[in-house]
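One chain follows as structure tokens, the form predicted alone.
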Amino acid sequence: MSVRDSLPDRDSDTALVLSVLAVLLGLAIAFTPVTATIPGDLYVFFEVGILFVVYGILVLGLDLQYGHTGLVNFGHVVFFAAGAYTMAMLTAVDSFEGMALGYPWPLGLVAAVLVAGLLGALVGATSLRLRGDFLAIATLATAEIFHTLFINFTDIFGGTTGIFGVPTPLGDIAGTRDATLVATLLVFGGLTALTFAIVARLTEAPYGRVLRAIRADELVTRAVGKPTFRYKMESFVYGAALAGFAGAIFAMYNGAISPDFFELQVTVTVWIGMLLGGASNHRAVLGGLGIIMGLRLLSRFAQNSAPVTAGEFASIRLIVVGLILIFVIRFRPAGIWGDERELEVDS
């Protein structure tokens, strides 16, 4: 048997192997005397790369909800925020504002996933029987309600200041900033690959075919005896729990959180990434997100030489992203790498 024959041939298996390798390499850099040096001009690439892998978990959860089940969730950021705030409130120490209980970070990580999943179950129980457009409005309203709560309940959530003093275990172990960035990118990238493996295994199974059947025609799926509401609820909760997990590791990377990190723009970014790449295709949604994050990276360099203010440049960037999305929807309605037959759209 050749080495090629021994390599995994399924996306989920390949992602699992990559996740293990990335996490082990990242931990090796963090725990051993092996050092990493980043040239000053490349810091921004690592920072955007870390944000990309965190958002990668978000877009995989959203793709499970919308791409595979057809659930229009415009409030995905609220589950991201729920995970981050749970982690911060349980584990932060000596925060200037808000609750800071100082528990160990593994407890906060588990709690963040559970709280986001429970919040997903609560929102799903009250919203998933609604028609698609009403579901979109309900989830969007939920996100805005929680954003207001985060700002106004200062004693609990820290208000506009947020919560400081969240543990940063990789940074504490690695020591230097360079080693921390490299280790964080590898470990978080490994966790994103692990998420990819889990979601891909789930959707490759008969369970995934039922989800896609619900997206295609819920009435027919129910007519053949499938409990569609239960499947929709499970898909929604899984996506919410993944978002909570992403929020928890995001808090551990930043060491602090505030409402500014959880604006509607996060939901818009992952939605555009998913639609741009092609919903219902895990690699495609990550590719679409990569394009959006790449544009954000390029715009950082362009902003320095553009003869406009920062606010004007941000508006121009939104216009460019919107035009790209319109162009793709017009000529590739299933996304750049999406399957038109799978999504039942006409090109």
Partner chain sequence: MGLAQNLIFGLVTGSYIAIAAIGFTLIYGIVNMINFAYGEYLTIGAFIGLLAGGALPLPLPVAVLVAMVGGGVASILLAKLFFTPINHTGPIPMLLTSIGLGLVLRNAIRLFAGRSARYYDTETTTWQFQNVPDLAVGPVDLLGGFFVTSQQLVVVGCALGVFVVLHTVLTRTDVGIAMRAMSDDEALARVRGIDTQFIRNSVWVLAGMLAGLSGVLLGIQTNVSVSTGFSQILQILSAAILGGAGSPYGAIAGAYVIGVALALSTAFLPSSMTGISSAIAFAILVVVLLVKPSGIAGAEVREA
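Positions refer to the first chain, counted from 1. Predicted model only: the values in this text are computed from it and were never measured.
Only in words, not in the display: the form predicted together with its partner chain, which the text now covers.
The contact residue chosen from F250, F196, W271, F157 relative to its partner chain in the model of the complex is W271, the criterion being a non-hydrogen atom within 4.5 angstroms. A heavy atom within 4.5 Å of its partner chain in the model of the complex is found for one listed residue only; from A136, A213, L202, A111, this is A136. Looking at its partner chain in the model of the complex, residues F74, S315 and I319 each place a heavy atom within 4.5 Å of it.
Mapping the unseen interface onto this chain, S127 counts among the residues with a heavy atom inside 4.5 Å of its partner chain in the model of the complex.
When contacts are judged by a 4.5 Å heavy atom cut-off, R330 counts as touching its partner chain in the model of the complex. In the model of the complex, at least one heavy atom of L325 sits within 4.5 Å of its partner chain. Although the partner is absent here, E144 lies within 4.5 Å of its partner chain in the model of the complex, judged by heavy atoms. You can rule out all but one of 159-167, 112-120, 263-271, 85-93: in the model of the complex, only 263-271 has residues with a heavy atom within 4.5 Å of its partner chain. Counting a residue when any of its non-hydrogen atoms is within 4.5 Å of its partner chain in the model of the complex, the hits in 147-163 run T148, L149, N152, F153.
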